[in-house]
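Look below for two forms of one protein chain, each set out as structure tokens: first structure 1, then structure 2.
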Structure 1
């Protein structure tokens, strides 16, 4: 049987890893796919740079469109990144009747609805397992392994940079700016770390997972994002005293009112398995009505880990090359005509519990004023820590854990608390989830 010819767009970290993994495990992969898989062409920006893979026997070009227009290429693997030229190349490949494998979460989160529609019209597949959580097969698990379940919620540590920073802050008592600088030096964070530390990267991935979990169109523009740059060392310490660990989570829940889609720092009980996922590792917790909570853990980035998911997608595509397009696994788990336009809830309508850190004057009646304001908004207090004055300056940190309440009520309460003359700066608010 004729080998399946692959064209790779981009020979950076993931592209080189894909070549290496495919060549290293070619016998095993061929046994699984049923046909030989061969990378015959690859595109890269320049021809004279050192690469992390052996390109012997691969026809190299600087023009990626040569590959997507090559009639001998069966599958295009897009590993360029971004949403500009990558979108154009993927659309052209689909138009030319080629299957596409991509690790580009931004492309899928922002343009996936368009790409999947075009792919369906042209009878091809767009596979994107590597776009979410690196080597963890979370897309396949939710789309196929959990297809008997009504998924109730999911929560994930889906950005290794943020998780590394919070782990260092907790374990070594370091401050955010110092750990961020180290993450950049180690190559975990970019020179501009905004996508990682402000939750944008995680929101891309969460958008994809939520669509598969709940059968809704991709709606990245409605995701709420909040970063970790305001989390202080004292927050990490106080959370630990109360039995919690702070993680930067992507959370999506199906409620009667709609779907929650949010990324933010979150206090979770220290006894939860996901609370103990440290360093640059990723983990996703998915709750199905039949199976209960299931946890998926592994490397969320890196050359070989991400290449593992890319090559697995290639194998899946090869297996269905001769399959009736109408009988393939749907891109977003549900049949295209069965997606529902369930509203995405604004963050103000989300109901959750809260950690509050309030710096106040060390005076009688201050705590009574704060609890009165909370009570007026229907907010019940679960626990209180009142610490000693800081540096004998008369300022007292008051730490509160609340029971669940709508965010809009908490917003109103915080506005009134910050207006008190005895409150010295902005209230620090971190959401809490039990993940039970």
Structure 2
């Protein structure tokens, strides 16, 4: 039988890893796929650079369109990233009847609806396991392994760079910029690292997982996104005193009103397994009605780890080359004509508990004013921690944990609290999840 010929677009961190993993494990991979697989062509931005892989026997070019237009290429592996040229290349590959494997979460989150429609019309597959949580086979698990379940919610640490920064800050007291620079040097960070720090990368991945979990179209524009740059050492310490760890979570829940889709720093009880996922590791917790909570853990970024998912997708594609397109696993787990338009809830309608940190003057009646405002918004207090005044300015940090309340009520309460003359600075609010 003729070998399956692969064209790789992009030989950066993930592209090099893909060449390396495929070469290293080719015997096992062939036994699994049932066909020989070879990377015959690859495109890179420039020809004169050091690469992290051996490209002997691979026909290299700087023109990626040559590969998507090459009739001898069966599968195009897009590892360029972004939503510009990558989108044009993937669309062209689909039009040319080629299957596509991609690690490009932004492309899927923003243009997946269009790409999947085009792929269906052309009888090809677009596989994207490597786009979500690096090497963890979370797409496969949710799309196939959990297909008996009604998924109730999912929550994940899905950005390795952000988790690495939070872990180093907490455990070693290191500064934010220094840790970010290290994550960039290790090849974990996005080309634009604000995507990692501000939660955009996590929102891309969450958007994809939510569609697969709930059978809804991809709607990245409706995701609520908040980064980790405002999380201070002070909050990390107070959270720890109260038995919590702050993690940057992507959370999606199905409620009677709609689907929540949100990325933000979150206090979670330190005893939860997911609270102990540190460094560049990722983890996704998925709650199905039949199976209960399930946890998926592994490397969320890095060359070989992400290549593991890329190559697994290549094997999957090779296995289905001869399958009738109608009988393939649907891109978003649910049949394309069975997607539903359940609304995505605005963040103001989301109901959660909160951690509040308020800097106040050391005066009688301050706490009474704050608790009155909270009561007016129907907010119950679960715990209060008042610290000694800070030496230099007499400011008292007051930390409160509240019971669950709609975000719009909390917004209103915070506006009133910040208007008190005795309250200094903005109120720091961090949402909490029990993940029980």
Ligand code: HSE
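Numbering follows the first chain given and starts at 1. Because the structure is a prediction, the values reported are computed rather than measured. The term rigid core refers to the maximal set of C-alpha atoms that superpose within 1.5 Å between the two forms.
Undergrad: I want to make sure I have the labels right. Is the form predicted alone structure 1, or is it structure 2?
TA: It is the first structure that is the form predicted alone.
Undergrad: Does residue 188 move its CA by 2 angstroms or more between structures 1 and 2 when the core is aligned?
TA: Yes, shifts by 2 Å or more.
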